[in-house]
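Taking the form predicted alone, here's one chain by itself in structure tokens.
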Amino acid sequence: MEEELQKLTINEGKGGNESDIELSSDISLRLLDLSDIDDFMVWASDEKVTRFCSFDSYTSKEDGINYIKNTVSRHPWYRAICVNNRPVGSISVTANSGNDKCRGELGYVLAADYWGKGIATKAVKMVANTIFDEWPHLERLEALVVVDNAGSQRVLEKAGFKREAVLRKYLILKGTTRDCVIFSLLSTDPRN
């Protein structure tokens, strides 16, 4: 994937509070590697971040290293979401096969300190603007979001994904059966 560096100025207001935070950053996507383990552990060990993830929080650096070596490095499309080239999260597209190869599933996670700043939305847009060219067989990119995860739903909507349905009792997450919202973006949809 040709890396795309974008200049992004973000102004975040806190509920009408005039003490706005201004952050000017380069947002980029790149491969995540073992040298990123300390940054990876920031979000992967935070229960607030992993609350809606299919994995449990990592409790040891060794487990994180094994995940990067055995899962991330073998994944066909897994990238670090970087701010000024420092990983603050990750984003992936998982391909389907057989009769379902026209679909891929998007997943992403972002360190809590970076929530609400437009970074996840920018990363999702970057993927949406390139994945259909990289994978010409892909016609549909979809994302499943637990209904309680309103922030992630907003990210997808801002990135141009369409909310399609609520899938009741769709999956078991951390021991509890959960409803999910399914979002999609088609290769023929306009890009943001």
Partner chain sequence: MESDSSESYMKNGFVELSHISLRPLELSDIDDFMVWVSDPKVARFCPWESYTNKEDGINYIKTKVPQHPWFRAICVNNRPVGATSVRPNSGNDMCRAELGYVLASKYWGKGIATQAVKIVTKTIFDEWPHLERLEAVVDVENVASQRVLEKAGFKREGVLGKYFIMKGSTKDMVVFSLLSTDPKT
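From a predicted model like this one, the values you see are computed outputs, not experimental measurements. Numbering follows the first chain given and starts at 1.
There is another form of this protein, the form predicted together with the partner chain, and it is not shown here; the text below is about that form.
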Review point. If you check 142, 63, 46, 39 against the partner chain in the predicted bound form, which one has a heavy atom within 4.5 Å?
Key: 142
Practice item. Go through 26, 164, 33, 133 and name the one with a heavy atom inside 4.5 Å of the partner chain in the predicted bound form. Key: 164
Point to revise | Any non-hydrogen atom of residue 103 within 4.5 angstroms of the partner chain in the predicted bound form | key: yes
Exercise for review: Although the partner chain is absent from this view, report whether residue 59 comes within 4.5 Å of it in the predicted bound form, heavy atoms only.
Suggested key: no
Practice item. Answer yes if any heavy atom of residue 70 is within 4.5 Å of a heavy atom of the partner chain in the predicted bound form; otherwise answer no. Key: no
Practice item. Examine residue 54 and determine whether its closest non-hydrogen atom to the partner chain in the predicted bound form is within 4.5 angstroms. Key: yes
Exercise for review: At a 4.5 angstroms cut-off on non-hydrogen atoms, which residues of 76-96 are near the partner chain in the predicted bound form? List them in order.
Suggested key: none
